[in-house]
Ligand code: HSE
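For reference, the chain that follows is the form predicted alone, supplied as structure tokens.
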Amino acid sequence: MNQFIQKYYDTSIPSLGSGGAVKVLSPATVANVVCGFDILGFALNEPNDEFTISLSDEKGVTIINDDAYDLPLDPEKNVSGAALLALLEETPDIKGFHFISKKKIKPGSGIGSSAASAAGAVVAANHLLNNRFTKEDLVRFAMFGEKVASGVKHADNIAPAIYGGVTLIRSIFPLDIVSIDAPELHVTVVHPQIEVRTSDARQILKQRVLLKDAIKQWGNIAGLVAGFIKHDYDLIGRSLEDVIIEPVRSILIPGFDDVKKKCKEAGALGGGISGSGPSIFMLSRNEVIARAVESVMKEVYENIGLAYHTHVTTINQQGVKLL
């Protein structure tokens, strides 16, 4: 076994620095929120990934996967590793990190698996470093992980994972992140057991948009943000419409139109594709409706004969949590 393979496949714990070890829970997230492509997102209370990080006397990042997903161990090809390498560029006093990944958010599920990995890694590292970096700094580092995953630095999953709650990415360069107060909402998610790669889902998007569609989309984005701030459920429901991205991406998700129609009939405010899919999310006023929506989702996929997982949860106001 050559030295490179030996370094990244050795599961022994390297000697630790004085910082000990930190364990965190990193949340799943819903990005886009129907009409807010690349600019809106919110964190979920379930599911979560679990990560443990410690300082290392070895230079760079050593990764161990304590799960079934067999993600790359080379840190430059791993979303957590890339985020930590970016952080290390600005911490010359630190040699490296030892990182243990226990993922429960399935890669390619559309609920921010790569963002959970990148955000969890940098938040945990920041705790080891006595919180020397701001949340905005951490988003900036974690975006290097998103670039590994999708080829693009985007923050609509990263920001809510780190800040918690609902976030608006007003700008990427420079970063301008706005936390949005939102009413209590229940979230139902169904994950059909197929994979839609973020990079593939981006490639099929139209590169030009009609002005009339852009105007309609801008109105929906503004209405959704206003609905959150005003705690106006009806306005939220009316604004959960996407005339640009969803019509293209929904063709990749079996049963999408049926799920959306029947969930709204069951009382959901609305919803759509979570991130790039294949997961579909719906927002509801209360848990009773959210559970009814879950039943509808199950019925659709049982009729199709496609395996699925569901989650009924709420918006996570904290983001990555220290254990």
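Quick caveat, the model's predicted, so the values are computed rather than measured. Residue numbers run from 1 along the displayed sequence.
The discussion below concerns the form predicted in complex with the ligand, not included here.
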I need to confirm a contact call. Of H127, K147, R202, K216, which residue comes within 4.5 Å of the ligand in the predicted bound form, counting heavy atoms only? R202
From the list R249, H186, K103, R140, which entry has a heavy atom within 4.5 Å of the ligand in the predicted bound form? R249
Would you please decide whether A31 lies within 4.5 angstroms of the ligand in the predicted bound form, comparing each non-hydrogen atom pair? yes
Residue contact check: P27 to the ligand in the predicted bound form, 4.5 Å heavy atom: no
Heavy atoms within 4.5 Å of the ligand in the predicted bound form: does G275 have any? yes
4.5 Å heavy atom contact, N157 to the ligand in the predicted bound form: yes
Work out which of the listed stretches, 62 to 70, 33 to 41, 286 to 294, 258 to 266, brings a heavy atom within 4.5 angstroms of the ligand in the predicted bound form. 33 to 41
From first to last in sequence, which residues of 42 to 80 have any non-hydrogen atom within 4.5 angstroms of the ligand in the predicted bound form? none
